[in-house]
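In structure tokens, the next block holds one chain alone, the form predicted alone.
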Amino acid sequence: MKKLFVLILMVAMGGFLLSSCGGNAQKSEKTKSAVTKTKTAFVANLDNGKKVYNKVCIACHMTGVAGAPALKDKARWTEIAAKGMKQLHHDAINGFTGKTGVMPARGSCTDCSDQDLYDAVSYMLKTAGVSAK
């Protein structure tokens, strides 16, 4: 009986974790296609950027997992910022493979909007002490 209870508890927890990661895939698809069809001017919301960073980006950017620039690595962020904000936002949305690491599309955040990603990139740049054009 105890084994059955543990099994049911594990399945329930696994289901909860999977459902919390899935997000709204339909929303993401709409958002992805909207960016390729229109030229939207984004304005950074650093408070939202911090929330998105703490929700998703922190997993890699806190310490530099998979070659991601660590949030405190100003030299790497300076190099990355030279690409310009438009390219950084594009890379956050579509993913990027570079000589030092990999950025998965949307940072693997299926429910992050394009605005969320813009805000997160802006927050990380600001926190690292650099700016992009």
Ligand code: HEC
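Numbering starts at 1 and runs along the sequence shown. Bear in mind the structure is a predicted one, so any value in this text is a computation, not a measurement.
The same protein also has a form predicted together with this ligand, omitted here; what follows describes it.
Asker: I'd like to check something about A66: if you look in the predicted bound form, is any of its heavy atoms closer than or equal to 4.5 Å to a heavy atom of this ligand?
Answerer: Answer yes; at least one heavy atom of A66 falls within 4.5 Å of this ligand in the predicted bound form.
Asker: Indicate whether F96 is a 4.5 Å heavy atom neighbour of this ligand in the predicted bound form.
Answerer: F96: yes, in contact with this ligand in the predicted bound form.
Asker: Would V102 sit within 4.5 Å of this ligand in the predicted bound form, counting heavy atoms only?
Answerer: Close contact exists here: in the predicted bound form, V102 approaches this ligand to within 4.5 Å, heavy atoms only.
Asker: Does K83 reach this ligand in the predicted bound form if we count a contact as any heavy atom within 4.5 Å?
Answerer: Judged by the heavy-atom cut-off of 4.5 Å, K83 is in contact with this ligand in the predicted bound form.
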